[in-house]
Ligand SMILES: C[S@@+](CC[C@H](N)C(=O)[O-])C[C@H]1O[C@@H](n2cnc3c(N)ncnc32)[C@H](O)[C@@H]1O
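Shown below, as structure tokens, is a lone chain in the form predicted alone; questions about how it binds or moves come after it.
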Amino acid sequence: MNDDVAFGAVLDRVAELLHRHIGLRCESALYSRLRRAVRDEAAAHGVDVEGYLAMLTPGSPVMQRLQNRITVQETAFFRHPEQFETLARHILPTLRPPVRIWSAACSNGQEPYSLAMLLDESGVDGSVIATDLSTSAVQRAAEGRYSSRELTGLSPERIARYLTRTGQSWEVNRAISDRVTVFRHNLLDPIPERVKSCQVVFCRNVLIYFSPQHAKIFLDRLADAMQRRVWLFLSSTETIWQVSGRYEAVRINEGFVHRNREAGTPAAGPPARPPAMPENRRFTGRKVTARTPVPAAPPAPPRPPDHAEQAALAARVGQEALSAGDCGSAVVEFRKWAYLTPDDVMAHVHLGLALEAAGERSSARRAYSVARQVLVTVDPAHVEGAMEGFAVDELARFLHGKNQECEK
């Protein structure tokens, strides 16, 4: 076995360990980073890659160092401000204080501190729990100290109000940092006790790196553990209906927020048809009285549904089919959706996901390629409308990764 083949075998084993213990899918976008990390960490420990693999035991400092290097720590203050606006205007006013928010996978801390600032601006008594798998990220979040270039997303007014210049850095003021508690947590571990009373969960740009089975483990565990129904914020490129039926999507303005269903509530299906009122009864506004039957007027011919209505129906039926594990029917419905609204990028994305779930990787790759083409060729305003306010740049990265994954 030559060196390249041996190194590839070690990388595959390391990727398997990361997948098993933290749910990470080392797709092509992360594989080059993993290659560099394994080579550098082996050299730092003075061993070859096989020796390094032997040191990667669960819970060891060696494994933690690798997790710190391989996990993505891309974030910013008030990233995707429309979600913070939704929280401030439509959700916070409905919650009973003190409000508790979980920033899961908080990275270097900009998200939980943004949430704490929002609570302060809204005059809401509340706190934020911030967790991350990376110990280096947890340390940075706990310090609450950032360079000038890391203040992206903060207005000059917020900087003046909530941060203090300390040398070359900016430090979050005590009034905000006191609202935030930071500690390490692996999302595949049981939900921490102190999180179970939270009313809002921010878990953005995390599930896209999970395998479907690990995403389901986390989502189902979250639904089981929380003491109340919670508002779950995901990133614009993350869909969960294909892995868990425990949540419902609630449209607010141009986006969606998810809520865990009440215990015993089935996944949403088509609305039940109300029972027909007997022909010899009529509603007067106060009571039901009898009357003599009269010939009914001939029914008006049904109006044929337009393409948009047919597409919406196909999208809903396809989602229900995929949630029930019927990938074949889901593919049929999503193909119909994509045919009826070819400029709807999400139609092609969902078709790709259904084809991938059905094991048709080459067809899934074609669907993802069409979605990417829609992103770059269709009028941006039209694309953003079809995406229901989702972020174009994040979806482009997601589709690129999916395309490469399906080429393997």
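Start at 1 with the first residue shown and count on from there. Note that the structure is a prediction, hence the values are computed from the model and not measured.
As for the form predicted together with this ligand, it is not shown, yet the points below apply to it.
Here the chain stands alone, but in the model of the complex its contact with this ligand, taken as any heavy atom within 4.5 Å, falls in 179-187 among 140-148, 179-187, 223-231, 162-170. Note on contacts: among 206, 118, 99, 314, the single residue with a heavy atom within 4.5 Å of this ligand in the model of the complex is 206. The single contact residue among 128, 105, 219, 322, judged by any heavy atom lying within 4.5 Å of this ligand in the model of the complex, is 105. Of the heavy atoms in residue 79, some are within 4.5 Å of this ligand in the model of the complex. Though the partner is left out of this view, residue 244 does not reach within 4.5 Å of this ligand in the model of the complex, counting heavy atoms only. Taking non-hydrogen atoms only, residue 210 approaches this ligand to within 4.5 angstroms in the model of the complex. Contact annotation for residue 338: none of its heavy atoms lies within 4.5 Å of this ligand in the model of the complex.
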